[in-house]
Structure formats: structure tokens, C-alpha cells
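Before any questions on how it binds or moves, here is one chain, the form predicted on its own, in C-alpha cells.
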């Protein structure tokens, strides 16, 4: 397809941001290509050119949200296997590193130079809507982004508490992720309750708190001494 005259990477970015804002507000079925294009101040033919269809634009918007900020978790060392020498100590290091890296990623999304406050709020609504009722055709792309995080944490927990049944290990991982996400997802409520929300400058403090709290939840007490 020959590109329309106003095509550019900037225009593609505007279409993605407009899509996130409107899909978050109205859902997939509540908004059309024309409305998204108007909000992006772009030629509606560019949706087909860049994304193929409204569904293609929606999937691209999902990936766009994941691609914002930094990817600290991907740079972490692999968790140890259960029979690896010093596996327990290594798993402790990996757990703390994972919690810190995930928080770092989440708070990096709040850089106003990269993402407006309006877009940040829309991103929360977009993902809340999608994760509550994921459409069958979108499950693979969601799992493609989410599973590496869940698998990394699960690998740590398997070494730290190998005696737990698989479902109990899953519940522990879910509880840890819930703590991490709370400080990011509920920033406005935290600000109302505390007077100010936590931010990038608090990642170290939050990571230590969540790690210590989670280790106690895992029945390991305060075993952080010596964990770098």
C-alpha cells in the first residue's frame, strides 16, 4: 500500500496514544477508527496503513503500553535451579532484584517527558479493562508480555519454598505481584491517604519493604541479611 501523504512515525505515535485514551474511556466496541483518527489529527487511512484494522490498532496499543519505559527485569540473572549450589541464597538475591527491577520499570512509566499524566491514567484503565475480560484473540499477546514476569517470580519461589504445592506457590507469587502493582496502580489513592504518592526516588525503600514482607509471608522470617 502506498503511504498516505501525512504518514510519519510521529503520526503513528499520535494514533497509538489516541487509541489508548479512547479505548480506555469507551472500550473496544465504543470507539471507531474515525474518532481515533480525529483525536490524533491524522488521516483515517493511516489506521489501515499502519495497523491493518481497528483490531490491529488495539493490539498495537497494548504492545505500545508495554514498550514504554525501561526493561530492567529482562536484564536480571536467571533464577537458580533447585539443585544448584547455594540455590537458596541465589534465589533470595533474584527475588529482591526482581521486585526492585519491576518497581523501577513501573515508575519509569511516569516520566512526564515520555508519557503525559492523561496517558498514564488511561493506560491503567486500558489494562484494567482488558485484564478483567480479555478477548480470546488477545490472550496470546497478553500472556506473551505477562508470563516472563510470572515465570521469573515463580522460579524464585520454587527454590525458596520447594515444600509448597504448586498452587500455593502461585498464590504467593500473586500476593507479591499485588503488592508491587498497588504502589503503581493506586498512586492517586495513596496520595490522598499519605499526602503524597511514592515515586522513582522511593523504589529502594519499597523494594526492601515488599521483599521483607513477602519473605515473612513465605514463612522465611527476616532472611534479608547478606542479600545485596
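All values derive from a computational prediction rather than experimental measurement. Rigid core: the largest C-alpha set superposing within 1.5 Å between the two forms. Residue numbers count along the first chain shown, from 1.
Although it is not shown, the form predicted in complex with another copy of the chain is what the next lines describe.
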- Query: Which pick from 188, 201, 53, 41 sits with a heavy atom within 4.5 Å of another copy of the chain in the predicted bound form?
  - Reply: 188
- Of these, 160, 172, 60, 33, which has a heavy atom no more than 4.5 Å from another copy of the chain in the predicted bound form? 172
- Contact test in the predicted bound form: residue 181 vs another copy of the chain, heavy atoms, 4.5 Å: yes
- Item | Non-hydrogen atom contact residue 165 with another copy of the chain in the predicted bound form at 4.5 angstroms | no
- Distance check, residue 11 to another copy of the chain in the predicted bound form, heavy atom within 4.5 Å: no
- Message: Although the partner isn't part of this model, could you tell me whether residue 83 comes within 4.5 Å of another copy of the chain in the predicted bound form, counting any heavy atom of the residue?
- Response: no
- Query: Does every residue of 75, 94 and 97 put a non-hydrogen atom within 4.5 angstroms of another copy of the chain in the predicted bound form?
  - Reply: no
- Looking in the predicted bound form, the residues of 20-58 with a heavy atom no more than 4.5 Å from another copy of the chain, listed in order, are 25, 26, 29, 30
- Query: Hey, does residue 127 budge by 2 Å or more at the Cα between this form and the one not shown once the core is superposed?
  - Reply: yes
- Answer yes if the CA of residue 202 moves 2 Å or more between this form and the one not shown after aligning the rigid core, and no otherwise. no
